[in-house]
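A single chain, nothing else alongside it, follows as structure tokens in the form predicted alone.
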């Protein structure tokens, strides 16, 4: 990206955040995985960028893009936080189209001057540079799901193809997805209760798709499928998923995603359990 790298140290000094990528898709693909609400809050530290989206105080998605993913990454404050229209940001990142000519990449340089200033995007493809200015907003307080490790009852690491299979086979006319995790059989069970009746999908703890299985006690929780559906965007992109539940029944889904350069990014979903839980069926 010859044009985007022609900037001086003085130019960088005016910004509290500067991040550059040779391939914008390594950024936009991860953001698309959490795009189920219009606005997002961006938290930036020297370690990278976390983008958070929430809905109805019941579900939260976080995309983590580590500093190492960027070719240039400068943060001049301990943390840089702002709120932005995620829909507009994604539209700008795809301004050259999502299917470029073979061998052609869209480069990105992203700059932010601080509170009250717009987020500046410099996008280059084939020697053509487009500049976008996106207004930022006052960051809102985000939910703290307080997913403390000491309160985790169960943790499963599953190859993503196993969960993709489940979402394709289970009856999605059901309002809820019931998750049973137990030290004994059925170990890990996904259940739905739709128009065609009840359906269950079991995973033995020693099946080929299961990479890790830890469970201290049997737990049965239900989650609204409408809240879980947005996470399937990340599931499609991921190679592995970590599934955790804590003492409150809160669910954590962490998806491991490899970008086009082979680097790993993570997308986390947190979901509160459905409060209206009937007695489990025998």
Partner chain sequence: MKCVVMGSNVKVLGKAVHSLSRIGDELYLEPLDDGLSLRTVNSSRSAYACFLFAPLFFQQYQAATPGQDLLRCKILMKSFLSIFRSLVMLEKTVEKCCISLNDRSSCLVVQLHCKYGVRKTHNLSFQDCECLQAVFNPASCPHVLRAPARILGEAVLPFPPALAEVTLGIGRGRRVILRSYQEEEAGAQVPPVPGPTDSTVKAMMTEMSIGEEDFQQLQAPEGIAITFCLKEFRGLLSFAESANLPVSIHFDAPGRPAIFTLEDSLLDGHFVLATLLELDPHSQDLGSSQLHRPVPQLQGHSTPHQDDFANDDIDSYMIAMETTVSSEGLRVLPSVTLTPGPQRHCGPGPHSEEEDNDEAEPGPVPGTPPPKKFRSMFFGSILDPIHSPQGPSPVLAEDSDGEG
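Numbering follows the first chain given and starts at 1. What you are looking at is a predicted structure, and each value in this text was computed from that prediction instead of being measured.
Omitted from view is the form predicted in complex with its partner chain, to which the following refers.
Enquirer: Just to confirm, residue 80 within 4.5 Å of its partner chain in the predicted bound form by heavy atoms?
Expert: Outside the cut-off, so no.
Enquirer: Does any part of residue 196 reach within 4.5 Å of its partner chain in the predicted bound form? Heavy atoms only, please.
Expert: Taking the distances in the predicted bound form, the answer for residue 196 is yes, it comes within 4.5 Å of its partner chain.
Enquirer: Could you tell me if residue 204 has a non-hydrogen atom within 4.5 Å of its partner chain in the predicted bound form?
Expert: Answer yes; at least one heavy atom of residue 204 falls within 4.5 Å of its partner chain in the predicted bound form.
Enquirer: Is residue 208 a contact residue for its partner chain in the predicted bound form, using a 4.5 Å heavy atom cut-off?
Expert: Looking in the predicted bound form, residue contacts with its partner chain include residue 208, since a heavy atom lies within 4.5 Å.
Enquirer: So in the predicted bound form, are 161, 169 and 200 all sitting within 4.5 Å of its partner chain, heavy atoms only?
Expert: Contact check passed for all of 161, 169 and 200.
Enquirer: Note which of 138, 146, 175, 165 lies within 4.5 Å of its partner chain in the predicted bound form, where distance is taken over heavy atoms; exactly one does.
Expert: Residue within 4.5 Å of the partner: 165.
Enquirer: Counting only non-hydrogen atoms, which stretch in 175-183, 105-113, 71-79, 188-196 is within 4.5 Å of its partner chain in the predicted bound form?
Expert: Contact-bearing stretch, as computed: 188-196.
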